[in-house]
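One chain is shown next in structure tokens, namely the form predicted on its own.
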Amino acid sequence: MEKKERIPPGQSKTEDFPVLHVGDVPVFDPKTWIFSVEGLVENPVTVSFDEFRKIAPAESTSDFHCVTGWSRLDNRWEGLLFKDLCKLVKPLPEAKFVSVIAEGDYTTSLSMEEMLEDEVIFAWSLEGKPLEPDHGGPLRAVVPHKYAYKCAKWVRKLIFTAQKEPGYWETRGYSDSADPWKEERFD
């Protein structure tokens, strides 16, 4: 039996995985796709999709909460945990935030503390299958303790910063904290 406390207030459980996003779904070309990390790090990197997948593959199972009111439980992701990426790039002490940059000028920003939660992963697979383009494939940020607009689809770059940069939805009136347990949907 499901525990009610797994579903935040104002949310309802779904078995589906509704598709919501801004703009067109980008075309993925593994020959030209690159991922980069820059900003306040000791070791900036630029890698291909195959190189990214070889860094430290991991699995993470987590719940997913959309600001529109649905929650999907027990999603099994495969990808690179943010903590493991940090071992490679070595953030500098003054790095307090991470801007996540995606295709189509979509951005979001989270604190290092938020990103260092155990289940934060950059996923390329869901339920043992490559992540579908509609769901953010080839690479999606998964930040389970936030509403899904903090889980950018089609991620291409991370920038470690000293100050928070407002993201796409945050500049349009959505909550920067995006805590589903506090129903922080809008500012």
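Predicted, not measured: the structure shown is a model, and the values here were computed from it. For every residue, the number given is its place in the sequence shown, counted from 1.
FYI, the form predicted in complex with a small molecule isn't displayed, but the following is about it.
Proximity to the small molecule in the predicted bound form, taken as heavy atoms within 4.5 Å, picks out 63-71 from the listed stretches 45-53, 28-36, 117-125, 63-71. Contact annotation: of the candidates 102, 95, 89, 81, the single residue with a non-hydrogen atom within 4.5 angstroms of the small molecule in the predicted bound form is 102. For the marked spot (19, 134 and 148), a heavy atom within 4.5 Å of the small molecule in the predicted bound form is present in each of the three residues. Although the partner is absent here, residue 152 sits close enough that one of its heavy atoms falls within 4.5 Å of the small molecule in the predicted bound form.
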